[in-house]
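We begin with a single chain expressed as structure tokens, specifically the form predicted on its own.
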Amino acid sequence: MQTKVVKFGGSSLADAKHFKQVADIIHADPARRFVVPSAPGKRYKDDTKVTDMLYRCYEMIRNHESIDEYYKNIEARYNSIIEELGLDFDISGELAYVKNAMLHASGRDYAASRGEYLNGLILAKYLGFDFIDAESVIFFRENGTFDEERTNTVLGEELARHRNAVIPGFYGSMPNGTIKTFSRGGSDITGAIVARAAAADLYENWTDVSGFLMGDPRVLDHPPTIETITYRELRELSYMGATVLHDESIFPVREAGIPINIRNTNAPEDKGTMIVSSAEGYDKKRVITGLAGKKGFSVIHIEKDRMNAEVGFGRRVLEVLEDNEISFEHLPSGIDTMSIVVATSALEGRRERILNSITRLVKADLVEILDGLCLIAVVGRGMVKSRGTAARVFGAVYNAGVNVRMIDQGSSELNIILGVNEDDYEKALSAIFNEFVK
């Protein structure tokens, strides 16, 4: 029999109605043995996520404000779910314990994690599944990094003792027993960790969309859903702003060769997007898999005669960025020019120091910072076998009247990165999409 690990996001568990949908999905397939829930998300546009409410409580306590009245909103949220589900379950003791722990300086991560913890208790009760506290099976090291091997061993042994179980997402424990959370959206990571430890056949990540779209629907005209995407393609698109799945959640399942299926809780009949290690063949009619873009980049442009003959030139330039704790995104260069693409926000308060340091260290003829750059990634495993892909990309952008400021393509030919002015972002993205999809 197959084993599936299923993770449900906050929008999928926002209220009792969604709890019922989730239960129907889980019970429809006996292979869905292990469930990872998020904290309740927004029920409507102007609603507040429970995690944000818990963060607010933490800040109020730090400012010596009373949380008595505000905390009642959190209590009401969980009690309403229990009542509407018709559960015989008293969670008042747990709610009181959480409040008291926060009042006694349990820490920000503890406060944030309780949304998943409490939701996990309710979901386990409603499903009739066992409850495994993530605190006892997911571990971090002293320096705050995730302890992958210890977690995999302990969690794997614990899961083997249960036919079905609910494991709350988003958190684990430090060596001293205190709670530590992953970054926001970290329940995706917990789901992947559980999938690896369970040696699952599939990791289903249920959210409020039917998989990955080929591009941003706010910019493009009805972009289709990507049916199958490789982990490498997903990493490229996620890095450039495609945010259906936490990008760090890829690694545990990728190493174990476990596919991920992105599904829609509100449309469970949709197949969603399958994320796999490798996709044999490719659709020749659709050369590219997806498009993504991100604004807010700057270029540090350097010119110097005979730069190419000067040993260590690039190293000295990059040392300046390292000394200022700035990572670079791309490094397109010519014989006598070097360009470094960095996030504009990283330059704040450091511009003059960087310009002066580079000029002094390499005795450059010109060093300048050019702002207002947007990067667009054209990603697809089929590009390597399709002639003229780059010509089509740049032809489409040219015909749209957009000037290309930067080009970067890796030797794998998995993607083409082009930089354009931020004002041309939507125009360039639409032009490329229409060339390959319409």
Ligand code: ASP
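Because the structure is a prediction, the values reported are computed rather than measured. A residue's number is simply how far along the shown sequence it sits, counting from 1.
A second form of this protein, the form predicted in complex with the named molecule, is not displayed here; the remarks below concern that form.
Enquirer: Counting only heavy atoms and a 4.5 Å cutoff, which of 88-96, 182-190, 346-354, 298-306 contacts the named molecule in the predicted bound form?
Expert: Among the listed stretches, the partner-contacting one is 182-190.
Enquirer: Thinking of Ala39, Glu116 and Phe170 as the candidate spot, does the named molecule come within 4.5 Å of a heavy atom on all of them in the predicted bound form?
Expert: Checked in the predicted bound form: all three residues contact the named molecule.
Enquirer: Scan Arg56, Lys49, Arg32, Arg392 and let me know which has any heavy atom within 4.5 Å of the named molecule in the predicted bound form.
Expert: Only one option qualifies, and that one is Lys49.
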